[in-house]
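Shown next as structure tokens: one chain only, the form predicted alone.
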Amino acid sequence: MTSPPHSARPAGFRSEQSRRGQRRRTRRLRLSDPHRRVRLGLAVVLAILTVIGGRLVQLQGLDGMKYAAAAEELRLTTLDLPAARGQILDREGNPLAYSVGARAIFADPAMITAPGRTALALAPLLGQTTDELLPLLTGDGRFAYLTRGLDPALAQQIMDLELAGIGELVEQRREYPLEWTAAQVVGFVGQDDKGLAGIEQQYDDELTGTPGRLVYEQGRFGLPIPAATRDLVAAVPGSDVQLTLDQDMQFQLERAIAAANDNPGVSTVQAVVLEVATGHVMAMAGSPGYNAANLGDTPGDLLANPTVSYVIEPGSVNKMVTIAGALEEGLITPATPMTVPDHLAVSDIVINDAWGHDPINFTATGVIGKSSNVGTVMIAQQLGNARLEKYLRRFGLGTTTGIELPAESNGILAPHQEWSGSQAGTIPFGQGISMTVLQMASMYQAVANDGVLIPPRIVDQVIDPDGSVHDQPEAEPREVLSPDTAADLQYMLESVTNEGGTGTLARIDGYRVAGKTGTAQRPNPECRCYDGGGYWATFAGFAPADNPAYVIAISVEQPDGSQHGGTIAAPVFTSIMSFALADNGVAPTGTPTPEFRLTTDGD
């Protein structure tokens, strides 16, 4: 069989090929049709426009509020508005501390391109040297205070220089218009406007206000946009704290203790004035003190209030408690006779009077009027250690008074079971125990107030920004002596300032005065003994003796003991008390001074 010719094709092959070619020609004709191309292009454009329109609908319709808010957020700036700290006022409403607007100047070292020129421009305005400023202008951080508490006008001069990387913050600056006067009571604040001492510390929560906030939109260069979104929350100032202090009496007290501090050998002087009927503190201070408006290089140990935090051994001022206990227990009367030698052996020590003498026929009044150590110990031996401790604690020793000031000391009073034999002999006349000058004043307030002790207080009221007044709770009075015992003790203490007594320099013309002198050795921490420790000279008393208005306690610290309480502390009492009586219009009662029998033989 022979093969078909080469040109032969299967049946139907040509017709399929023809159909494919026809379809290709048809497509070419369609693509080359102008109307077809226009319709296709229009469809593509419409598709693109549909996508864009949908996106615009999403951005402006669905997400528009979100993006608008985000854009506004970029323009919003929040400015903290500092709250003014409350005032501290004296009893008459005179300001002892208040706040004023101020500015802080800061640097952003990352934005400072010419630190040398910047330092030269700032130095004369800030009162600093370029050497002091350059480390702050070239540091690694993004923020450094250059100064704080600057007057706004001076801060504006600095900002007018338009120095790159230099900015300002609004803040408050604390002012103490009386500077030294009442500084230890008022205290001071730190750079963060927080109280660090005195009333500023104790009443920091009440004095601190609530900061405000201003939210605004800013445009170019950080300038506020007029009529744009603003949200203001006003700052609320702190409350005012009104004290019981009398500004004039405080000034007089500080002047008197400064004068005493000028005496040769005197290192410190402390004084407290209490109002007898209320226990309110009228004035208190210790030298040398400090200037609250310019703390400067004042050592830290001088920034406290020594009248509440520094303890002393009171010396013979404490004899009042021993005599009070014996009177209250019915062991003696003011006229009780006593034959008193000039020395007395107690345990392993010998108690001596301050002067040598043959046995004296004292009355109990004479023992305190002449300040006999031996006679006081003889009375204490009748009273016994347990009862003596009871009366010491009744008068507030060994515990704080609760005054509204920080760092108040308890004083030191061990339980009588722990007293050594020598302490049993020295505590009755004020050695071997310790107290603050405020505690000493409080003891004598109780005697002057007919036996009722009112713990001292120094804050009268807190006044809210809206004018609401919150009277501070008065201390709870407590009876430490019966009225009859207090009257006997007042009589005996008045003998101290009259003829034959140890405190005649505490007298005030026209007024009857009662009180007690004291001189005590200071412990020497180097040897844990009294040798070389120095002395405290003390005086505590009240006037008028027959209708007491004020009580004052004084302590004078000196290294050599060349002067005792009657010669150096009593005159300070006289200076302060004379002013207190005159300035507050306390007239003499006009009652005659009683006769005092110090001995039974008429001497």
Partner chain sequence: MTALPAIESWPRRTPTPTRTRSRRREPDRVSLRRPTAVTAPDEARRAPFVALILLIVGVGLVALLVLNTAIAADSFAERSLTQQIEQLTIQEQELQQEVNRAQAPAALARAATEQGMIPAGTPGFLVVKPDGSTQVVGRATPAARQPPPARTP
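Residue numbers count along the first chain shown, from 1. What you see is a predicted model; the values in this text were computed from it and never measured.
Beyond the structure shown, there is the form predicted in complex with the partner chain, which is absent from this document and is the topic of what follows.
*Might residue 304 be said to contact the partner chain in the predicted bound form, defining contact as any heavy atom within 4.5 Å?*
No.
*Heavy atoms within 4.5 Å of the partner chain in the predicted bound form: does residue 345 have any?*
Residue 345 lies outside the contact set for the partner chain.
_4.5 angstroms heavy atom contact with the partner chain in the predicted bound form for residue 254_ = Flag for residue 254 set to yes.
_Test of understanding: in the predicted bound form, would residue 80 fall inside 4.5 Å of the partner chain by heavy atoms?_
Answer no; every heavy atom of residue 80 is more than 4.5 Å from the partner chain in the predicted bound form.
*Answer option from 491, 391, 106, 511, heavy atom within 4.5 Å of the partner chain in the predicted bound form*: After the contact test, the surviving option is 511.
_Residue among 175, 450, 408, 460 with a heavy atom within 4.5 Å of the partner chain in the predicted bound form_ = Going through each option in turn, the one that passes is 175.
*Tell me the stretch among 107 to 115, 421 to 429, 319 to 327, 93 to 101 that has any heavy atom within 4.5 angstroms of the partner chain in the predicted bound form.*
Looking at the other structure, the answer is 93 to 101.
*Kindly confirm or deny that 153, 180 and 262 each have some heavy atom within 4.5 angstroms of the partner chain in the predicted bound form.*
Yes, the whole candidate spot contacts the partner chain.
*asked:* With the partner left out here, which residues of 236 to 253 have a non-hydrogen atom within 4.5 Å of the partner chain in the predicted bound form?
replied: Going through 236 to 253 in order - heavy atoms within 4.5 Å of the partner chain in the predicted bound form - the hits are 247, 248, 251.
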